[in-house]
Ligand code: ADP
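Below, in structure tokens: the form predicted alone, a single chain.
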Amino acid sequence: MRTAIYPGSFDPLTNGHLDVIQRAARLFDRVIVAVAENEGKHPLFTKGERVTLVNKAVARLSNVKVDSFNGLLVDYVAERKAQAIVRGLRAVSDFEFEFQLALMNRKLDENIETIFMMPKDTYTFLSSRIVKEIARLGGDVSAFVPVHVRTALLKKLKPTS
């Protein structure tokens, strides 16, 4: 069984992430969306909330599962007996950082390949950081995230008075 891991913070999941997940699901027998614990990024949503949001978004994809992990990605990939890491590339500016990560992961475990996938061109500008900023400022993020993610964003960002 060909298994790929699609890691990320997914804070929040965007339509660009979903596009990459759907593409990967067509190429691999099993895709595990691995929600990373990355406190350095100061996530808006807890890891549990992010796992729940991703799970709801991929529920109809029978070969996609959602999990979370801490620690080294290559260790997680080996534990899950996966053959590849899927990484999304939106623009040339993503490439240098992603390339460095891929080379380091290869150095740590030469049996794991990294596959770079580009989302549809309509999502190349999209990032979780930008979506959160638009939502914080009262903008409409409906075109950028699934409906349930938009609802969760609005609830999370709702001012308390």
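Note that the coordinates shown come from a computational prediction; the quantities given were computed from them, not determined experimentally. Just count from 1 along the sequence shown to find any residue number.
From this point on, the text means the form predicted together with this ligand, which you will not see here.
Think of it this way: in the predicted complex, this ligand has a heavy atom of just one of 49, 113, 29, 98 within 4.5 Å, and the residue is 98.
Every residue of the trio 17, 38 and 126 has some heavy atom no more than 4.5 Å from this ligand in the predicted complex. Within this chain, residue 43 is remote from the site of this ligand in the predicted complex, having no heavy atom within 4.5 Å. Remark: residue 90 counts among the residues lining this ligand in the predicted complex, judged by a heavy atom distance of 4.5 Å or less. For residue 94, a non-hydrogen atom is located within 4.5 Å of this ligand in the predicted complex, even though that partner is not displayed.
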